[in-house]
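Next up is one chain by itself, shown in structure tokens, the form predicted alone.
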């Protein structure tokens, strides 16, 4: 594996939580390993113990549960993308997971690992934030739930305590609305997102009555842009409304991240991505 790194394999969730408590910062959970193993090869950490969670089958799968979808933290991206429940009731999440990396990465990498890594460009995070999903996290001290938007605090840092593990995600279904996800990368295949966006939109009598909108890669962390949500809600479901929301997000990006060398590219790009994701959820073809 990696010189100086030990591997331990808990057999149950309780074993994993006890191990997490005992090891603290000297232990790192290992799910798919598609991010963690690359990190450790770049920056070796002698004395580290990797907690291989592959035996914890109770943390895999998707099921309907009290108006939400329960998605186990160890569920591979490909399984989420192919789930009929997710495709029907949380379309943005299925789309996002279907665009993560290569087929090999999607079959190995997990949704929980995607969130725990807390990359600003993580596709799964953007979809979960847009859908208003909660993460269920646990330790030997107990279990708590918090919004994924609040769990991811800054680039590559979460609000997880050193003894906590992500067990699952509770994803509200899109209900009478529709959700969508759009990603812009450097190239068509295997691209890390330069900009991504997810949304939930409900339209009634030609007007938007509910809108949740999240963007990733353009600010230090994935987050909802509530100013854009407010601008859309109550407005006609049209190309103009979608473009106005894109303008709001572009302004917000500059306010939060400042003007950088990439800003002249990113401003029009984020406008286009936001407009596209909203139109897709509205069921409207993108116009001139």
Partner chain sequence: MKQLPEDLVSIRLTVNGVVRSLDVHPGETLLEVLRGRLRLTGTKRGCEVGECGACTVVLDGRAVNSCLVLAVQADGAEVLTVEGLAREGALHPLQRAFLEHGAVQCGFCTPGMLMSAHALLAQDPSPTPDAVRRAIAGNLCRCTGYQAIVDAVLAAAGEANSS
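As the structure is a computational prediction, the values presented were derived from the model and not from experiment. Residue numbers count along the first chain shown, from 1.
One more form of this protein should be noted, the form predicted in complex with the partner chain, which is absent from this view; the next part is about it.
Next on the checklist: Just to confirm, with a 4.5 Å cut-off on non-hydrogen atoms, which of 28, 243, 55, 226 contacts the partner chain in the predicted complex?
Outcome noted: Among 28, 243, 55, 226, a heavy atom within 4.5 Å of the partner chain in the predicted complex occurs only for 55.
Checklist entry - Exactly one of 149, 202, 79, 163 has a non-hydrogen atom within 4.5 Å of the partner chain in the predicted complex; which residue is it? => result Answer to the contact question: 79.
Checklist entry - Just one of 19 to 27, 262 to 270, 6 to 14, 276 to 284 has heavy atoms within 4.5 Å of the partner chain in the predicted complex; which? => result Among the listed stretches, the partner-contacting one is 6 to 14.
Item to check | Non-hydrogen atom contact residue 107 with the partner chain in the predicted complex at 4.5 angstroms | outcome: Yes - in the predicted complex, heavy atoms of residue 107 and the partner chain come within 4.5 Å of each other.
Checklist entry - Applying a 4.5 Å heavy atom distance criterion, does residue 50 contact the partner chain in the predicted complex? => result Yes.
Checklist entry - With the cut-off set at 4.5 Å between non-hydrogen atoms, does residue 103 touch the partner chain in the predicted complex? => result The answer is yes: residue 103 has a heavy atom within 4.5 Å of the partner chain.
Item to check | Partner contact for residue 64 in the predicted complex: the partner chain, 4.5 angstroms, heavy atom | outcome: No, residue 64 is distant from the partner.
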